[in-house]
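Single chain ahead, by itself, as structure tokens, in the form predicted on its own.
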């Protein structure tokens, strides 16, 4: 039998975005603000990232665990309730979530629900890598948890797969655990170079081998050459996707580009009363970026609690290749445009860009054009000043962002 409760705001996910939002809302007197975290500890991914670089621009930078502890403390001091070991499993109504925990089943109804479920790396199964199912196959997150949180033995020879900067963190963690990194493998023409580790570009992992424990990976180069790298550990890194299962179960519209909930500049989803923030919207960004989005969502959530209407979604923002996604990805009303004036749009490309010229057009009408005198890697987002969005016709068609 489930226990029914009500709160004012229910936030799913105690990572940087959810905790920053909880602190703002509780500090503003939003009533009972409750944060649910399925892990045993709150703080999100930074908990097991023992490198520095977390926090604001004021040095010294914090390590991930220190940053996580500070975020948890801020939310609780403000008056928010942070519950760990609690999983939201589904929806019992538009603003009612079903949860499970060691204490039992609950149905929690809120005046506003915020999805801050974060992002995750695609594991081997989602990458459709064939072969046996041996031990020793990890993502970066699993690796860092095993080493930094549980002190587990990892192996002696490792291969790292991926091209994003997180490769460096995976290599550093493997070395700290005493493993030799025999190669970094990426299917892209360029990758993340790590001193002392061979970098194999334009190369894919074609098969995993081993019974019980991984014994090697078959690699295949773009020119057809193949080989076997002997190893007992392989770490799949990057290729982040929003953790969107709960959104899908709730019938919330998902953006085709980001694969996270589609939102406007006020973080409103397609379901009245349900917001989404942080890496749940777009895959991984820096913790500071996710936390800033969470804090920025406080104003629209407070407005909803005060009775603000839930407007119909306006024109969608869409992208053309090689661009992958943009967020926010809906333009709803003038309130949106005011919010956009304070926050940039995030835009991600699937290919490196050098001094790109970006354009925005609607129904064949050019709204905006600008050159960015920078070089941008696929793992980094461009930040677009949103001043041009006041030229959008709210009754018009999709707004298309492209390379001009």
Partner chain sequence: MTVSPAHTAPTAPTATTVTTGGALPGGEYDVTIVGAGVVGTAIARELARLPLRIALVDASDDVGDGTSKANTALLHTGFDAVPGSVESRLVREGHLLLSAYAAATGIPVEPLGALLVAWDAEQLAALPGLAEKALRNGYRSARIIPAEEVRAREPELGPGALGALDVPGESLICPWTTTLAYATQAVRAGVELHLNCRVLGVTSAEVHTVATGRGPLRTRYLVNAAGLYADEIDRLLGHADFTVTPRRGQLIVFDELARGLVRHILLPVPGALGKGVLVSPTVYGKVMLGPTAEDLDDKTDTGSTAEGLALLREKGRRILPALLEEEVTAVYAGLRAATGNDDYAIRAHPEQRYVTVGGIRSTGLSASMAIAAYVVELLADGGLPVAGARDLEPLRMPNLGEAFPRPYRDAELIARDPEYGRIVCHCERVTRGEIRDALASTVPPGSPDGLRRRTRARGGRCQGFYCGPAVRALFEEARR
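Between two forms, the rigid core is defined as the largest C-alpha subset superposing within 1.5 Å. Since the model is a prediction, treat every value here as computed from it, not as a measurement. Numbering follows the first chain given and starts at 1.
The same protein also has a form predicted together with its partner chain, omitted here; what follows describes it.
Partner contacts here mean any heavy atom within 4.5 Å of its partner chain in the predicted bound form, and among 71 to 79, 225 to 233, 294 to 302, 119 to 127 they occur only in 119 to 127. Taking non-hydrogen atoms only, residue 289 never approaches its partner chain to within 4.5 angstroms in the predicted bound form. At the 4.5 Å threshold, heavy atoms of residue 142 reach its partner chain in the predicted bound form. Contact check for residue 312: no non-hydrogen atom falls within 4.5 Å of its partner chain in the predicted bound form.
For the chain shown alone, residue 137 is a contact residue for its partner chain in the predicted bound form, at least one non-hydrogen atom being within 4.5 angstroms.
The contact with its partner chain in the predicted bound form, taken as any heavy atom within 4.5 Å, belongs to 89 out of 204, 109, 89, 270. Note on contacts: among 190, 176, 156, 211, the single residue with a heavy atom within 4.5 Å of its partner chain in the predicted bound form is 211. Here residue 286 does not count as shifted, since its C-alpha moves by less than 2 Å between this form and the one not shown after the core is aligned. For residue 180, the Cα coordinates differ by under 2 angstroms between this form and the one not shown after the core has been superposed. Core-superposed comparison between this form and the one not shown: the CA of residue 206 exceeds or equals a 2 Å shift.
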